[in-house]
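We begin with a single chain expressed as structure tokens, specifically the form predicted on its own.
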Amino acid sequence: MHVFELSFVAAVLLAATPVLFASLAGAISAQVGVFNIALEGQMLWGAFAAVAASYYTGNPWAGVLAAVVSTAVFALVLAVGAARWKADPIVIAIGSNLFALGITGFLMGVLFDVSGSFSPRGLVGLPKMQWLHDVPVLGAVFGGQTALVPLALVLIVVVGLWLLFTPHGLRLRGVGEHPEAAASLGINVPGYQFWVTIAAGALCGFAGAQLSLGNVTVFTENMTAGRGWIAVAAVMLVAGRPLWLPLACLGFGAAEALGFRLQGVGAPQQLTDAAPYLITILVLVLTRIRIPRRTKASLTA
């Protein structure tokens, strides 16, 4: 395999990793019956918290920890509202997304006295796995990545297998598929929904930290730029099954990486920026078209 091809694989993984974390968050939420569209706002808050903590401490891993913990706390609104009070998760999630957009812009002015973008000299990004550079193939793909990139892939596999083959995973799936039946067996349905929503927030914290300290070393207003909605689309595409998420998310990463390369040969930036979202919409439309056809074919068979 040529170096160009391996570098393209590395670029795809880099672009896809924040979406992988966020889509895993959405998938586990879907498994317990909470349709989580707050991924965009939670990821944005995680990106801000990571940059702020890394700047003040000088330690990017402190930024990751701050992003994970604070985004889990940020998810409390959705967890309490949807799981405990049985409010509409869609309404709460939309409010969370709008609040994250407003509060991060406001805090940039209060804490850093800037607006639009924050990238000071003292901001430290996540270290790369340069010790892999001498390893054939793996070095070219992962040597320039942060540790969060392979972590996202490992978590998807571990969570997917846990849901399929462990008693707690089966109970969690039962909460989403048949909550009344699960409750009749003594399973604490609101408890499962509450803690899974909190865990989803923590995963979005990883997504935000990778975006602002791994993919780049900067925070800009609304820097998630729809990635949370791409993650929602990925969850819908794979029907909430975590093990299939890499296929959906890597497609987005490939479109984004290809867009950057096309810019290098003179393609309009507006077109290349829109390419990942256009491809995502196209895949969703084609999937929705195929599902009714399959259903009709099964009924007539």
Partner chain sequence: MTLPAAQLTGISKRFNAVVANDGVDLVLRRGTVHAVMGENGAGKSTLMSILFGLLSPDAGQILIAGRPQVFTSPLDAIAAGLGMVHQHFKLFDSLSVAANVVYGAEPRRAGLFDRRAAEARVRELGERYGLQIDPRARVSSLSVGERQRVEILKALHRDATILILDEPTAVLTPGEVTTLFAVIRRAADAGTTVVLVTHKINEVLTVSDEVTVLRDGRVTGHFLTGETSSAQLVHAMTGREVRPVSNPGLGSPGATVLQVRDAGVVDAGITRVRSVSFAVRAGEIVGIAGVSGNGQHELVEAILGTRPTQSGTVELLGADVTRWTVRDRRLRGVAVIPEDRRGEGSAIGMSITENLALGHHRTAPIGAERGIRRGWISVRAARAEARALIAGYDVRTAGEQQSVGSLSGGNAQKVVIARELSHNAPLLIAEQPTQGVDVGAIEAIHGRLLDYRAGGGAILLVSHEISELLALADRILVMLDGALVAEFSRADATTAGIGAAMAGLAAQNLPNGSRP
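Residue numbers count along the first chain shown, from 1. Treat the numbers as computed from the prediction; the structure is a model and nothing was measured.
Form predicted in complex with the partner chain: not shown, discussed below.
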In the predicted bound form, is there a heavy atom of the partner chain that lies within 4.5 Å of any heavy atom of Thr166, even though the partner is absent here?
yes
Contact of Val175 with the partner chain in the predicted bound form (heavy atom, 4.5 Å):
yes
Decide whether Glu180 counts as a contact residue for the partner chain in the predicted bound form under a heavy atom distance cut-off of 4.5 Å.
yes
Verify the contact flag for Val216: yes if a non-hydrogen atom of it lies within 4.5 Å of a non-hydrogen atom of the partner chain in the predicted bound form, no if not.
no
For the spot marked by Arg171, Ser184 and Ile187, is every residue within 4.5 Å of the partner chain in the predicted bound form through some heavy atom?
yes
Mind telling me which stretch in 143-151, 158-166, 130-138, 198-206 gets its heavy atoms within 4.5 Å of the partner chain in the predicted bound form?
158-166
